[in-house]
Structure formats: C-alpha cells, structure tokens
Ligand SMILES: C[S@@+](CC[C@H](N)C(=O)[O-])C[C@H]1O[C@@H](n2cnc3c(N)ncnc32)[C@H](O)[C@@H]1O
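Take a look at this one chain, the form predicted alone, written out in structure tokens.
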Amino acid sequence: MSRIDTTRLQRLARAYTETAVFYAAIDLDLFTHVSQGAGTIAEVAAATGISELNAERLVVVALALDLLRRDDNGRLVNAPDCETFMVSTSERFAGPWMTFTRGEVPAWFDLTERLQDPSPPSELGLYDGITVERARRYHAATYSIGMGAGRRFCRTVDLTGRRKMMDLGGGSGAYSINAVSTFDGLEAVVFDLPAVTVVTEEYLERNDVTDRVTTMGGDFINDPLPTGCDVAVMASNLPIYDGPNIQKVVSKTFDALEPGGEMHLIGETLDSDGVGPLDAALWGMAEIHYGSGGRSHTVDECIGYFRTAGFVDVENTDFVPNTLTRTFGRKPG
C-alpha cells in the first residue's frame, strides 16, 4: 500500500504559480521567439529582453510544464499545442483566450467571501448591462477559439439539406460563419443580446457572409426566438444559466423549430455521476464571480432537458474530450 503524503495537496496550493509562468511566457512572446529559432537560453534572453538568469528560470519551468521541449540537437522547441496555438504570428493564435480571465485572478482568492455572500443571483450575470465595447473586447478574446469550435462542429455534424440555422447566443457568429461556408444553401441567424449583435455583424462582414447570415437582437430566455429554422445550435453558454433557464431555452427552441428540425447543445458538461471533468466543474464555479445563477450541468441533466422539451432520438457525445460535450435531438415531424 502506498504511503499517503501531501504532494497532491501541495500542487493544488501552488497551482497559481504555473498559471503565472504561462501568462509571463505569453507576455514575453516566448513561444513565437522559440518558433522563430530561439533555441537556447541565451537566445531566449536576447529575444525576450530579459537576463539569462531569468530566461533560464522561465525555460526550466516551461520545460517542466511541457510547454517547451528539446529536439534531438538539444535546442528548444515548442510543444505541439503551443506551436499550433501560442505563436502570435499564426492565424490560430489563442493568446487572448488564454489570458481572457486573467483579470479575475484576484477575485478567485476572495472566493471564501463570495461563497458566503447571500445576495441573490442575476439572470444574465456577466452579460447583465453589456455594452458594445464590452462585447467587442469579449469576442476579440473568444473569436479564434470559437472559429476552431465552429470548424469542428461542421466536421462532426452533417447539415446537408438543412435550410436555416438558429445560432443561440452566437456571439461572434463563429458557428454560423463556418456552417454557411461548409454547407451549400444553408443560411443562419445569430440570436444574441442587441449590443452583441453589433459586434457579430463586424465578424460577418470580415468573413464575407452577410448575404447568408443575419442577426437578431434579444434575450433568448425571455424573448421570442427566430422562426423558420430547421436546425439550432447553442454553444458555450451552458454553465451561465441554472437548470430551469436551460430547460426554458431548450423548450422554446423545440417550439420554434420546424417539424423534423434538430438542436445541438454544446457545453462544458459534468459526467453522469457529477464527478468531473474538472474543467466543467470550474466553469460552473466561475459564475460566482459574475453574480449569476449559473452552475455545472451533468450529461444526464442535458439529455433530460431535451426529452422534457419533446425532442426524440436524444443523444450526448464528446465534442472536445474532457472539455465539451454535444447533446442533440430531433423534433418529430
């Protein structure tokens, strides 16, 4: 029997140091410099403008975190995911998304007080009173990762023959942009808060899809949904809301869809037993910082929302393993 010690607990107690090193590496554009040939500590120091001692400290931790590796010649190279997503000159650069919640770091260390706060939650949380400028900053951070998810959706789900997609809380329109670009004859409408749709239209113009994707401003919990749609997508909104509101949206979507239409709910979802994945659990906890009633939902709960609404052939499948699942169902007809 292995001896019990405090190693795991110590890792948890100091996990914030790993995040801090990752943020510093992004700030210093470490991964771009390494991608462009800075393969030694001296070269990293010169490229980033820090001392060799501090470059050594940074590189040693980056190697231990498997952010950097050494090639057969002993030179530094990026780990595959860092080379793909953390090089700032790449179109797939995800730095803004990785640092998106950086401003919330102090609040996480006040979590005890927030847990003890008896104030009732708001319905919209983070989005309560959102302005165009706030929406623009938000989607500047989420657009790259959203486009990747939209491409994955189009590889995963065959919408051939579908006519019009309802993109609930679609934000930058990433799912709609990819869908209409992939499936001939498909149109889409992004339904989001009025301030957000101003920003959506900027991304639609940027991707030259304004002839196939429109926007509609509203609150999908309380306002009427678009009509004439035979497919609906609701992505990355799940932990923002409580169970009754998710049920309300799924049921409203069922009513709004054309007979035979389908809905896809993509979100950070707990396993059926409610034990992990950790990412889904933490997204539910994060809602405490926005004052919302949002929480983590299990796979079984999501399936239940669909069946209660009237969907048939309901299933749940991995979308991004250990991060996102996709619950989907069909409206009879």
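Note that residue numbering begins at 1 and tracks the sequence as displayed. Quick caveat, the model's predicted, so the values are computed rather than measured.
A second form of this protein, the form predicted in complex with the ligand, is not displayed here; the remarks below concern that form.
In the model of the complex, Pro226 stays away from the ligand, with no heavy atom inside 4.5 Å. Although the partner is absent here, Val189 is not a contact residue: none of its heavy atoms lies within 4.5 angstroms of the ligand in the model of the complex. Contact between Val105 and the ligand in the model of the complex is not found at the 4.5 Å heavy atom cutoff. Remark: Asp219 counts among the residues lining the ligand in the model of the complex, judged by a heavy atom distance of 4.5 Å or less. Contact with the ligand, judged by heavy atoms within 4.5 Å in the model of the complex, is confined among 156-164, 189-197, 78-86, 111-119 to 189-197. Taken together, the three residues Tyr127, Tyr138 and Tyr241 all come within 4.5 Å of the ligand in the model of the complex, as judged by their closest heavy atom. Note on the partner interface in the model of the complex: the residue among Val180, Leu204, Ala235, Met263 having a heavy atom within 4.5 angstroms of the ligand is Ala235.
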